[in-house]
Each structure stands twice: as structure tokens, then as C-alpha cells.
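As a starting point, one isolated chain is supplied in C-alpha cells, in the form predicted alone.
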């Protein structure tokens, strides 16, 4: 039997999966250029009127800035905390290490809705009102387990040996951590930061529950959808998707240029 016949089912499955994943995105982007009031067939255009209206929407642009600030700040905090937790676990090998890892990873198995409601009650008890700061705390909580898992997976015996060697040569805890271990861990730290920022960028449930007047872009898009589906919503969604793809693209280029395989 020819090889192409054997591979046909796998190829058909791959094509079907790609269509299923990317067709909604293509429809979203195409109808953001609709020259009409509704993003439905037939397509009339292309037109940039809805992008002009989107950029003229002051509240939407403010929410875009809020999303960027929350994503970057929460990603920085998450990466630092995840790195410190992973370093402590890898270096000390504490008793009940498996149980500790389970506790650190447990939020991955909990619904964002449950975490958001719990955070809403907890922050209210400690006196932290609904705000972008509260949203940032929520994003740290949900992204920390994933960052810890990524960074911890890169700690091996070779790093423990390097850590011990640095201490034998007279380096203190702080210098060993910042000048020896952290530079070696740059690829995983960078990957954790980019992933955390991307997940925070388009997260909705916790941002909706923990914000009030200053909101992120996904919350604004939800408010726009409640008023009805329009090409402006498509334009805003396209903006979110484009920024996510640009972030991923920049991260990939940086990783290849700085940490790619060298001859």
C-alpha cells in the first residue's frame, strides 16, 4: 500500500483539527472589516470604520492599557515567586516534597470561578477592594502553579552541583541565586513570564469578579457583547488575538536568537 494512502487518515484528521481550531478566528478577523452594522454574511468590505470606532472608544483603550499593566506586573511577580519556590524545592529536598508540590499545583485543578469567588470573599475580609490590584493578585494565584511547574522541571542534579560549587567558592545565598542560578535558568524564566502574561492578558472570569470601575479588555468586550454583536466587537477581539500572537512571536524569536542550538 502506498505511503500516502497510509498517511491519509492522519492528514485528514490534522486538517479537520486545524479547521476546527482556526476557522472561528478567521471568521472573527474577516468580519471585523465588515462594511455594515452586523458581522454576518454576506461580507461587504473591506472597511476600517470599526477599527476607527474602536480606537476612538476611550474606555476600550483604557481597558487595553489596564490589561497590559496587569499582564506584565502579574507575570513578573508570578515568575519570581515560581522561581523562588522551585529553587527552594530543588535545593533543599524537604520532607513531604511530593505533598508540597501537590499543594503548589492544586490550583490548576480548581475552576477559575471557584478561585475568583474565594478571592473575592478573602480580599473583602482583609480590606482590599475590587480593583486592578485585586485582579493582579488573582492572576498571580492562577498562574503561579504553571510557572512553578515549568521552572521546577528544569532543575536537575547538574544545577544542584553548580549551586554547591558556587557556595564552595564563597558565594552567598543571594549571589548564588542571582548571579549563578538565575542566568542559567533564563530560558525557563522567560518562557514562564511570556506564558503567564499571555494567560493574564485574555483572562475574563477573575478579572470580571475582582474589578469594578477600572477593568481589563476582556471585561469590556463582554459588556459590548451584552449590547449585541457588532463588527466593533470583532475588531476588539481581533486586537486581543493579534496582541497575543505578536507576544508569542516575539517570545519565539527571542528564544531562538538567544537560546537556540549553537553550532
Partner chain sequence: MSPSSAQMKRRAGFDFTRWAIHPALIFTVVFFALPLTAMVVVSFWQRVYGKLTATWTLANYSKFFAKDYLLDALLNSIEVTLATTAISILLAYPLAYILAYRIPAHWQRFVLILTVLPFWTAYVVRSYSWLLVISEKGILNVMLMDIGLINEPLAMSYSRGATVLGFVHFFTMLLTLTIYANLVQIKSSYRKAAADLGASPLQVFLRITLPLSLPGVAVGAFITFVICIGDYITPQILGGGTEVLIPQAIMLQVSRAANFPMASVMSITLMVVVVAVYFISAKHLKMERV
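C-alpha atoms forming the largest set that superposes within 1.5 Å between two forms make up the rigid core. Positions refer to the first chain, counted from 1. Everything numeric in this text was worked out from a predicted model, so none of it was measured.
This protein has a second form, the form predicted in complex with the partner chain, left out of what is shown; the following refers to that one.
Chemist: Does residue 91 reach the partner chain in the model of the complex if we count a contact as any heavy atom within 4.5 Å?
Modeler: Output for residue 91 is yes: heavy atoms within 4.5 Å of the partner chain.
Chemist: Can you check whether residue 198 is within 4.5 Å of the partner chain in the model of the complex, heavy atom basis?
Modeler: Within the cut-off, so yes.
Chemist: Is residue 253 close enough to the partner chain in the model of the complex to count, meaning some heavy atom within 4.5 Å?
Modeler: No.
Chemist: According to a 4.5 angstroms non-hydrogen atom cut-off, is residue 211 in contact with the partner chain in the model of the complex?
Modeler: Result no; residue 211 lies far from the partner chain in the model of the complex.
Chemist: Within 4.5 Å of the partner chain in the model of the complex, which residues of 110-132 have a heavy atom? Give them in sequence order, or say none.
Modeler: Sequence-ordered list: 110, 111, 113, 114, 115, 117, 118, 119, 120, 121, 122, 124, 125.
Chemist: Relative to the superposed rigid core, does residue 240 relocate between the shown form and the other one - that is, does its Cα move 2 Å or more?
Modeler: No, residue 240 moves less than 2 Å.
Chemist: Between the shown chain and the other structure, the Cα gap of residue 252 to residue 104 differs by 3 Å or more. Is it closer or farther in the model of the complex?
Modeler: Compared with the shown chain, residue 252-residue 104 is closer in the model of the complex.
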